[in-house]
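Next up is one chain by itself, shown in structure tokens, the form predicted alone.
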Amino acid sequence: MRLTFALALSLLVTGLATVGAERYIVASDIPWAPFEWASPEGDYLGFDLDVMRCIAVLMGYEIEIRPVAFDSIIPAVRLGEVDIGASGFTITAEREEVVDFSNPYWLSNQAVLIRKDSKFKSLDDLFCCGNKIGAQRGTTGADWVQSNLVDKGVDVKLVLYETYPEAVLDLVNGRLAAVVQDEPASQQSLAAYPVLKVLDTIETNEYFGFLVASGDPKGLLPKINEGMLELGLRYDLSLPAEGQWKVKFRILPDSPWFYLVQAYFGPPLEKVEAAWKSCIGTLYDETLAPEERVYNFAKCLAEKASE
């Protein structure tokens, strides 16, 4: 991913904007655990969504989370129907032409999921012979299969789905040979379906960012970027070769970001759901300062999810 100069500069200099009691709509493709999903009670939770909630508390505005199909989020942001896209979006040059991204907050690669009882021993075994490879429409996983396999004449068939859970279920039921999906979500797929395994990982080095309309007409990016800093996310930058910025994330220990990562990347979803229901009230306890509310919520979530 090639970071623009403005984005690279914003990693180093981020201003704190004065905000009132604005209300913004956050669009997210639900479900895609552990970044976003709905509990059996209908609560929307996940790493992306709780980062958005915590930033809203710190910056003094309110949010409404709205489920939107992944490939409809960018059009909805551009039309002003929603204000923020928070759904594990990889920052790409193509997307940067039509929307603006926050500072990156996550680094991911693509995992290739197969059934444990399949005959495939390597990617060479898999990527041939008319095998069906599943991915969600509009994702970088689908784009990788199209650009690196289909467009280059490799004998595979790309099967597109509206959501990744649908693709994974077809893999479980033997209707696909493999699914190409981001690593963190793939780990949740493995936990949900023990018949699956990761055949290999494709080093795509994708940085995730939150997105807003081009030109940031509502001034949201400074708030989001400052909020991530206050939560405890830090960056180290390097420019090793060919103008490609490399971002190394540092997470401050005993910070809200540290505890949100601990809560969402490891424990079973059922434990996270129970912990979230128990802890979410802490985030909206107006007897406490915003910083205390965010810290107490994140720490409560991590502790209870790990019990």
Partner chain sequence: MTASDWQGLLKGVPSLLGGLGINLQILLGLVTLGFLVGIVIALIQVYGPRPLATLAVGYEWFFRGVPEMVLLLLIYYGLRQFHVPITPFIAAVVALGLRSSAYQSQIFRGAIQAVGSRQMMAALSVGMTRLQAIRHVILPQALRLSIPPWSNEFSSVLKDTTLASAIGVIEVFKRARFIIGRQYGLALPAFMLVALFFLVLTYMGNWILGALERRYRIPGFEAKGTGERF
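Residue numbers count along the first chain shown, from 1. Since this is a predicted model, take the numbers as computed values, not measurements.
The same protein has a further form, the form predicted in complex with the partner chain, not shown here; the description that follows concerns it.
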Partner contact check in the model of the complex: of 157 to 165, 125 to 133, 199 to 207, 218 to 226, the stretch with a heavy atom within 4.5 Å of the partner chain is 157 to 165
Any chance all of W37, A185 and S189 sit within 4.5 Å of the partner chain in the model of the complex, going by non-hydrogen atoms? yes
Is there any non-hydrogen atom of Q181 lying within 4.5 Å of the partner chain in the model of the complex? yes
Interface membership of C54, the partner chain in the model of the complex, 4.5 Å heavy atom rule: no
How about A93 - does it come within 4.5 Å of the partner chain in the model of the complex, if we only consider non-hydrogen atoms? no
Taking 4.5 angstroms as the cut-off for heavy atoms, does L269 touch the partner chain in the model of the complex? yes
The unique member of V98, V150, L107, L169 whose heavy atoms fall within 4.5 Å of the partner chain in the model of the complex: L169
Please pick, from W257, F47, Y44, W276, the one residue with any non-hydrogen atom lying within 4.5 angstroms of the partner chain in the model of the complex. Y44
